[in-house]
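Coming up is one lone chain in structure tokens, specifically the form predicted alone.
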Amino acid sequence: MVTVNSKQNPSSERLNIVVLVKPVPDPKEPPKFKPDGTLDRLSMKLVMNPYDKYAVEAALQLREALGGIVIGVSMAPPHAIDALREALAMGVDEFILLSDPRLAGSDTLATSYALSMVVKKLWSKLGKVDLVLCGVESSDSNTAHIGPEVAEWLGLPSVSYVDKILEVSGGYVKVKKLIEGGYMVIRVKMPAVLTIAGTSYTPRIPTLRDVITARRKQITTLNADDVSIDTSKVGLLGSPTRVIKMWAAEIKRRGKIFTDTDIDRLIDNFLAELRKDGVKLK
């Protein structure tokens, strides 16, 4: 629950919140790869990044407490629209899909630049953007780069691994940030970028009516030119790094069976084999 200080928080403090959402390959299906070893996203079913659901839930709870608007933003191929409708079904007011063949192959730096340009366009349209939220990372690459990098492109403060948004008051947001061995409470001036951890927020489950309503909503699709993206900074040519190859991890188990009529000798042989394999025993 978000605390609102009515003495310091004027009634006009309705928040304009942007939530960054990434469609990722459905983990229930085996990954598909192109001949060059990269993921073939166009032939794979995409779903909403589970970590981003926590960010959506945090944004919706803020809107319910303070009023305002929640706008989803994603950079993905056109067929990702179905995956993005889940955010609309959860309660996001609008959704913008940035989709352009020239963006294909962008690394996290190029992707964060492109997303920041969409945020800037929304900023111009709305007059302000108070918060940009996203999940701590994506389930397909786990870099945790996008939130902090978007903040850098926008020149905004950022807080990562936010467990809970505690209070909005007087133009500041107070958050509980997870750290090794505990947490810390940070008060940061808005506008700001927050990456939300999946610890305190339970994403709401849309009803059938919500799902049907979301199917009827229009998702606005923009290309690179629509948001004034410098295409020399994106795609394979504009990315400082590129993925050389990806592959599915293989887990091979080795089994050994020890037999001996002498139980003590059997145990000694077993322990010796463990030491041989590098297992440290007391």
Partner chain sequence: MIKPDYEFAKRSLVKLLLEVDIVLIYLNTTWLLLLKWNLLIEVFCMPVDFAITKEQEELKAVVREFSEKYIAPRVVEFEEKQMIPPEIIREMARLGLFGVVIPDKYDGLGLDPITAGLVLEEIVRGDPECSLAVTFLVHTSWGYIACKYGSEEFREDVIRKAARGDLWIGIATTEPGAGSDLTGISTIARREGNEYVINGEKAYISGVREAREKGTWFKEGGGHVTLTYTDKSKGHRGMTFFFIPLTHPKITTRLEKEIGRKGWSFGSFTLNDVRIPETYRIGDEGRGFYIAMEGFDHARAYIALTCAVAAKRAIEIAIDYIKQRRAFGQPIAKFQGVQFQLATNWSRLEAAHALAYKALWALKMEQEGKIGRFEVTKIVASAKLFAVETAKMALDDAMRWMGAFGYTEENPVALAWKAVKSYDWAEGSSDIMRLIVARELLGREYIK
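Numbering follows the first chain given and starts at 1. Just so we're clear, the structure is a prediction, and the values are computed from it rather than from any experiment.
Absent from the display: the form predicted in complex with the partner chain. The rest refers to it.
- Proximity of residue 53 to the partner chain in the predicted complex: non-hydrogen atoms within 4.5 Å are present.
- Proximity of residue 190 to the partner chain in the predicted complex falls outside the 4.5 Å heavy atom cutoff.
- Although the partner is absent here, residue 128 lies well away from the partner chain in the predicted complex, with no heavy atom inside 4.5 Å.
- Interface residue remark: residue 170 is not counted as part of the site for the partner chain in the predicted complex, having no heavy atom within 4.5 Å.
- Listed residues 157, 91, 198, 77 were compared with the partner chain in the predicted complex; 77 is the one with a heavy atom within 4.5 Å.
- Exactly one listed residue, out of 220, 43, 241, 228, brings a non-hydrogen atom to within 4.5 Å of the partner chain in the predicted complex: 43.
- Contact check at 4.5 Å (heavy atoms) against the partner chain in the predicted complex: all three of 82, 102 and 205 pass.
- Proximity to the partner chain in the predicted complex, taken as heavy atoms within 4.5 Å, picks out 205-213 from the listed stretches 205-213, 134-142, 175-183, 107-115.
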